[in-house]
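Next comes just one chain, in structure tokens: the form predicted alone.
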Amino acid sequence: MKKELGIGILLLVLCVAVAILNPQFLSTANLQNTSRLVGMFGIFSIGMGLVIITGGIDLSVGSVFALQGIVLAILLTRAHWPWPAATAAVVVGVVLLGVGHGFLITVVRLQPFIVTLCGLLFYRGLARFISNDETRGFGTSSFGLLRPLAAGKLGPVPMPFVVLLVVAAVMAVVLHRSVYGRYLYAVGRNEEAARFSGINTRLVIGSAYAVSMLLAAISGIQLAFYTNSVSPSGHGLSYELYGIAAAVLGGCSLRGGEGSILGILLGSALLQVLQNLVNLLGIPSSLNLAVMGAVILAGICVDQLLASRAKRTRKPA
């Protein structure tokens, strides 16, 4: 809990500082928009955290958002599928991509970085091809529950944030209170030892990628309707970095075997507050990626320092 406490204090200090620098931060509209973004980004960041806990990585999430958004727009506005059928089709399709990643990583034994990097390129290119490199929109129709899921509210609370709380509660039980969660940590700490202990490491790792893509599919639907249009070349661009940064900031070690749902939530919130700070203070938006890169680097450096200190502590006298 030390990491979670530290990131929580940092988040609180940052919120107070932003509020002092620009009181507009505390306006109802700004808080609702920020919590909406925390919800959408937090959901797929939890999935990214699961993958990182197993010692893997997924660089394809942003391109998956583009491909999913384009396919969903075509099914709803061109093919005129009923929204439940179109939603089920894109969610199942995205989950199958995760299953494919897991197969290549666990059975073919390819490196997660290579598999998902190829996915990043392939899915983005496929999205541009099937859309003729044209932006696809959703118009003004609500398409059942899809638009309210992204733009609606439950009282004063945006629906994406409500969905995030539900997802976080479920995943907290799965990760911290189930045998499957213990298997995820065990595989991340030492895959070979976990396999000799009788754990089906292929199934555990493969399922982590599938669950990650399921959560990405939920976020992808929300993001598509939040923007109300999908540009195949720019939609979701570099969003995988947000997920990695949120997980690392929240205490997930890139070496695997460490992390918590609470930490990922705090990391997601911290990133969005940082983005909000950039906007409210009039800092050029072109620095967003620079801020994100600095945050990831800082998180990795802190993780390395903590790991080195832990090794020295355990070292026999």
Partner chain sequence: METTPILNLLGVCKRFPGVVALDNVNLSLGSGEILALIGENGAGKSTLVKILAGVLQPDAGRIVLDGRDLSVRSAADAAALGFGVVHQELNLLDNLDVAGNLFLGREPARFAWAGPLRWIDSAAMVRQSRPHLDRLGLNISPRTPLAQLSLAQQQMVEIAKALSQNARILVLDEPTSSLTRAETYRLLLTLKDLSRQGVSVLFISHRLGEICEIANRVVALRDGKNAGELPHDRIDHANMVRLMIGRDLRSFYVPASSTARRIRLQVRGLRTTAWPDQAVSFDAAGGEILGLAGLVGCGRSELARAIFGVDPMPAGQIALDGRPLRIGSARDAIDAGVYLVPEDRRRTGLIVDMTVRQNISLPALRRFASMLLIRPDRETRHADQQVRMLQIKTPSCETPAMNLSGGNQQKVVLAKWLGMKPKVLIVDEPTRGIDVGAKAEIYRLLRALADQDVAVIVISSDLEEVLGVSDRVAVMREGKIVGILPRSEFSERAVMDLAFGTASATAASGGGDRS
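Just so we're clear, the structure is a prediction, and the values are computed from it rather than from any experiment. Numbering follows the first chain given and starts at 1.
Quick note: we don't show the form predicted in complex with its partner chain, though the next part is all about it.
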| item | value |
| --- | --- |
| Contact flag, Ala193 vs its partner chain in the model of the complex, heavy atom cut 4.5 Å | yes |
| Gly139: touches its partner chain in the model of the complex, heavy atom cutoff 4.5 angstroms | no |
| Non-hydrogen atom contact Tyr183 with its partner chain in the model of the complex at 4.5 angstroms | yes |
| Contact flag, Leu165 vs its partner chain in the model of the complex, heavy atom cut 4.5 Å | no |
| The unique member of Ile218, Met159, Ala210, Ile199 whose heavy atoms fall within 4.5 Å of its partner chain in the model of the complex | Ile199 |
| The single option of Ile114, Val173, Val99, Ala88 touching its partner chain in the model of the complex, heavy atom within 4.5 Å | Val173 |
| Contact segment among 218-226, 67-75, 174-182, 241-249, judged by heavy atoms lying within 4.5 Å of its partner chain in the model of the complex | 174-182 |
